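Read the single chain below, which is given as structure tokens and is the form predicted alone.
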Amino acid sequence: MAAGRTRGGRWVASLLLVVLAAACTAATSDGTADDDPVPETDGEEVAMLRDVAPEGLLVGSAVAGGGHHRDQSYPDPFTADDAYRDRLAAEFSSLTPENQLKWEFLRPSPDEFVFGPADAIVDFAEQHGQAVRGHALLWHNQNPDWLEQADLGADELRGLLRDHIATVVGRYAGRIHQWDVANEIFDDRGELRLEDNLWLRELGPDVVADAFRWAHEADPGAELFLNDYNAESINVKSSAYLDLIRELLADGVPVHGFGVQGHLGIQWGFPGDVEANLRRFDGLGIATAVTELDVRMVLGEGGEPTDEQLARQADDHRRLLEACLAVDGCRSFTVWGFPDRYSWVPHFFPEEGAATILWDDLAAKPAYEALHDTLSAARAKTGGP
């Protein structure tokens, strides 16, 4: 049987880990009950996204930190913003370290791993009954200068990557349920990034299969994903991934899923064939996931979105979630952070922003309400409470 055909059993195991973690939530490190506040309205407890999601669907968020956050005037959001942490705990059933597991942050020198921030996120997730997605092991971006400029032969570079994957995945074996093993390895023409991806350039395309095998050796229970942006539609990029995954599965490579990131913009229109695209990967017997959803917009003078823009943003969130819910193997749906002040978008696209589902005071945007209503309807349809 091809490696990707174990999806159902793997998800049962992953969800069992989440349930077990939830059962252990009652004690914190000092043995006292965990009393993180749950947001209330008029004295009544509000149902969070994780509460209204249909059974079997993990609803996640990226955990802000590292990357562009280190250049901002605010302190580290995860460790310094209590309201943010409370909302992370209450709202989501899955967390993804935004930058804390990327090479640039995690490995500032050849002999140094900075695991503390990622450890804290994994500990936090376990305390609150949440799963964790690991992001990312092999990527062309956010590599440290010492790595990009290293004068290493192919054997040395290959050994470095293998050791990195074994060390990182092995450290979190049984605690991180999914990994983005290879991230953004195709460009928008459907061509492998043989020039700007260090690993592909120096070690050749076969390193992708090697990375999956090494990650599987380090944690046989983790689901291993390919992940990319602009792959939500049926297009040359997503088709390149479809062909690659077919080849990898035929060679017995342990590929278990494909993630469509979902970095959308209302100015481009919604990719209307998302469900059909996800079904193509589902037909291979692998899991699918929405891994990094945000919907940005061009902001006018004053930097505030219009009601029309917010309605368009809400509709894009609803439609992407509906596409995921329509496909049996799409069991993980992650927004790429909240609130807007912690979003990566305006720091890379200065004229754009307002991309997340919550305002800076953590009040709900129409996009949040669209997700909440869509999840609630799906739960009711499947007979959930």
Ligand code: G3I
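A residue's number is simply how far along the shown sequence it sits, counting from 1. The shown structure was predicted, so the numbers you read here are calculated from the model rather than taken from an experiment.
A second form of this protein, the form predicted together with this ligand, is not displayed here; the remarks below concern that form.
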Non-hydrogen atom within 4.5 angstroms of this ligand in the model of the complex for each of Glu104, Glu184 and Gln261 = yes
Closest heavy atom of Pro54 to this ligand in the model of the complex, within 4.5 Å or not?
-> no
Non-hydrogen atom contact Ser233 with this ligand in the model of the complex at 4.5 angstroms | no
So in the model of the complex, does any heavy atom of Gly353 sit within 4.5 Å of this ligand?
-> no
Mark Asp111 yes when one of its heavy atoms lies within 4.5 Å of a heavy atom of this ligand in the model of the complex, and no otherwise.
-> no
Which of 94 to 102, 242 to 250, 275 to 283, 120 to 128 has heavy atoms within 4.5 Å of this ligand in the model of the complex?
-> 94 to 102
Among Thr167, Gln267, Thr79, Asn141, just one has a heavy atom within 4.5 Å of this ligand in the model of the complex, namely Asn141
Residues of 319 to 348 having any heavy atom within 4.5 Å of this ligand in the model of the complex, listed in sequence order | Trp336, Trp344, His347, Phe348
